[in-house]
Each structure stands twice: as structure tokens, then as C-alpha cells.
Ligand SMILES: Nc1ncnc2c1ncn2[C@@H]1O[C@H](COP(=O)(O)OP(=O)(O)OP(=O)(O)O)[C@@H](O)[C@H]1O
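Next comes just one chain, in C-alpha cells: the form predicted on its own.
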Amino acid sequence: MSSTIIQVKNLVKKFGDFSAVGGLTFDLYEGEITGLLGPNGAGKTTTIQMLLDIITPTSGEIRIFGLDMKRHREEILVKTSFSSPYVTLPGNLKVWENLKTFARLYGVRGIDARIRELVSLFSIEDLLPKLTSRLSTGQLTRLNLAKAFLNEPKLLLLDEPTASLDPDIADRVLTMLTKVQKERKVTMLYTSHNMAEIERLCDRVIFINHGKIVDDGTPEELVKKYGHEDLNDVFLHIARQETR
């Protein structure tokens, strides 16, 4: 049986009287790609931010690699990475400068070779001399993905990583993620509103709404359970009902 990489128990985050996350409990296993799904405002990004220790939970427990996040933050984060097209990188740096800076922060060995490998993988060689502030949204998305892989993470948190990518680059990214999963047993938590993408990529999905888990299972199990043709219809069904 695969080892448990993330253990979340009764995780709560409140902002004043508003409960963004209301008692989530779930596990993620080694080498598994899990989709964290739900409508806008469901609590997905807040959950990821707590897993990254960007924001502090109101209550609950987070254990990653068997370690308590509160006491072992550095040990956890050195093996973890994150990508989101909504994260802004320093715009006054050139693309190669951003990659080299983050590689040094991550303690990457063989920095130049690693950067060459990733810029080729994400087809951004021609962007290296450009100022990051001059990049398009799709180009920034690819740069963020390259940055996320610099430290060869064992845990990868991906918040809508293919947003703004054209179909060709998005397909390449999904193929690459599947390859990394199989070859390196990287565990991934993946958010997206593209249900075809989720069905292709994810071993399992967790649906949340109003900060609570609504359902959990493989895409095939959930499509069968709700009697729909595909996961997109399941998403619509869950998004339009109140949390149980």
C-alpha cells in the first residue's frame, strides 16, 4: 500500500465570522494525483495556502511526509513545490534571472543544467532574455510551472496550472505531469475547472463546497454514482446543491 504523504484532520479556517474551510479531513497517498474540485469560493485555494503554511489554520492538524507542519515547516517545504498562474514573479527580473534566483533559494545543484532541462520541457527557451513583466499570461503560466519543478519536489500543489495555456501546451503539460507521476512517484494535489483534464489526469477527486467535503472517489466512481455522462455533469450537480 502507498504511504500517506498528506494527512489533514478537521482543518478549519475562519476569517472573522466567515468560515472559508469548515472541518476538512482527507489523506493523499504517494504517487497519487488528486483533484481538489469545487466552485469558486469553495475553499480550494485557502486549503492549499494552509498546506503551504502561507496562512495559519484556525484549528485542525496538517501532517506532510509524516511531520507536523507547525514544527517541521522547513523539512516539509524543501520537498514541496507550488504552481499557480495567479502568483506574480518579480517583473523587473529577466526570465533566466527569476529561474536562477529560485534555484538558489531551493538549493538546487547543477543549476544551469536544470534550468536548460526545464525551459526545453516547457518550450520557453526564447523567453529567457525577456523581462518577466513583458510576458503574456500563458507565458507566465509556463514559467511558473518550470519554477515549480526546479527542486524536483516529492509533493506538488497545482492551482489551475493550465489556465491560459493553448491546447497544444496544455496537452504537453498534462503528458509531462503523468510522466513525472509514474517515473518519480510525485504526489500532486490539483485544482482545475476543466473536468476533461481532471478525468484524464487524476486518480481520485475530492469535491468540496462551502468549505466542506461533499464527495470523494475516482472520476469513474463519481460519474457512476451520480448517474451522469461525465465529470463535468457531476461538477454542475454538486455546485448547484447545498452542502450536505
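Residue numbers run from 1 along the displayed sequence. All values derive from a computational prediction rather than experimental measurement.
Unshown form predicted in complex with this ligand; subsequent notes refer to it.
The closest heavy atom approach of G43 to this ligand in the model of the complex falls within 4.5 Å. In the model of the complex, G217 stays away from this ligand, with no heavy atom inside 4.5 Å. Although the partner is absent here, K70 lies well away from this ligand in the model of the complex, with no heavy atom inside 4.5 Å. Shown alone here, V223 lies farther than 4.5 Å from this ligand in the model of the complex, counting heavy atoms only. Only one listed stretch (58-66, 174-182, 27-35, 44-52) carries heavy atoms within 4.5 Å of this ligand in the model of the complex, and that stretch is 44-52. In the model of the complex, E160 is the single residue of 132-168 with at least one heavy atom within 4.5 Å of this ligand.
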